[in-house]
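Shown next as structure tokens: one chain only, the form predicted alone.
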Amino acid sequence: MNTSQKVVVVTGASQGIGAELVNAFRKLDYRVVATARSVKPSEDPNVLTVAGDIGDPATAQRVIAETIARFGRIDTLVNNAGIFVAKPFTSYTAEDYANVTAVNLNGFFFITQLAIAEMEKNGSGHVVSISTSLVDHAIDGVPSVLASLTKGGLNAATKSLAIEYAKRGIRANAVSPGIIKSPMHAQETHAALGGLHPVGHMGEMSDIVGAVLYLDSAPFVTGEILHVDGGQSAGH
């Protein structure tokens, strides 16, 4: 087994930003482990796909075990999987709460725990989580309490991880996007959604991918919440 190439695990990798991250890391010659509920097998021998619900601890265990068995190491984990349910606070159901916390919190916690345990063996590693700028700047008309509750938790956990592992060679950062053009936003909504940002337009998936790649290549950066949001978090 050749274990000299770097290895990245990407959650929520079947479409959108996750799929773009898989392609970007492969162009940098990383071996990639892509996981999502509906991820399809890859013909690329340097891409391992693991289908499963990231909110289930068994999926996290399987992803990490198969990564080590196939590639022998984990250098970077990108916690990209996430769901957003926009409802008035009093309209959220117990099922909404369970679904959002399962993906956004459980999906971060279990796989990050296992990945860091592997990174510790090599004395190096990097965890990047995808958050949202709604945590810092709520928008009237965009109800987002569950997003703020869960992604705000990721921001706080990112800083805690950064400090806990700073002397052990493991970094933790987050990217905090505004609203990004992706399959989850229909074309006819783009103008209205773009107007929610000071720059007047939505972001591109490449903006988020570029931010993740920057953080992964920046050894002196840890504990950072990098806002890629068209000025949204700065104010209006």
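Please read these numbers as outputs of a predicted model, since none were measured by experiment. Numbers follow the displayed sequence, beginning with 1.
Missing here is the form predicted in complex with a small molecule; even so, the following discussion is about that form.
- Among heavy atoms of residue 22, none comes within 4.5 Å of the small molecule in the predicted complex.
- By the criterion of a heavy atom within 4.5 Å, residue 49 is excluded from the residues contacting the small molecule in the predicted complex.
- With a 4.5 Å cutoff on heavy atoms, residue 82 counts as touching the small molecule in the predicted complex.
- The shortest heavy atom separation between residue 62 and the small molecule in the predicted complex exceeds 4.5 Å.
- From the list 127-135, 70-78, 110-118, 159-167, the contact stretch for the small molecule in the predicted complex under a 4.5 Å heavy atom rule is 127-135.
- Note on contacts: among 184, 28, 192, 58, the single residue with a heavy atom within 4.5 Å of the small molecule in the predicted complex is 184.
- None of 33, 180, 172, 209 but one reaches within 4.5 angstroms of the small molecule in the predicted complex through a heavy atom, and that residue is 180.
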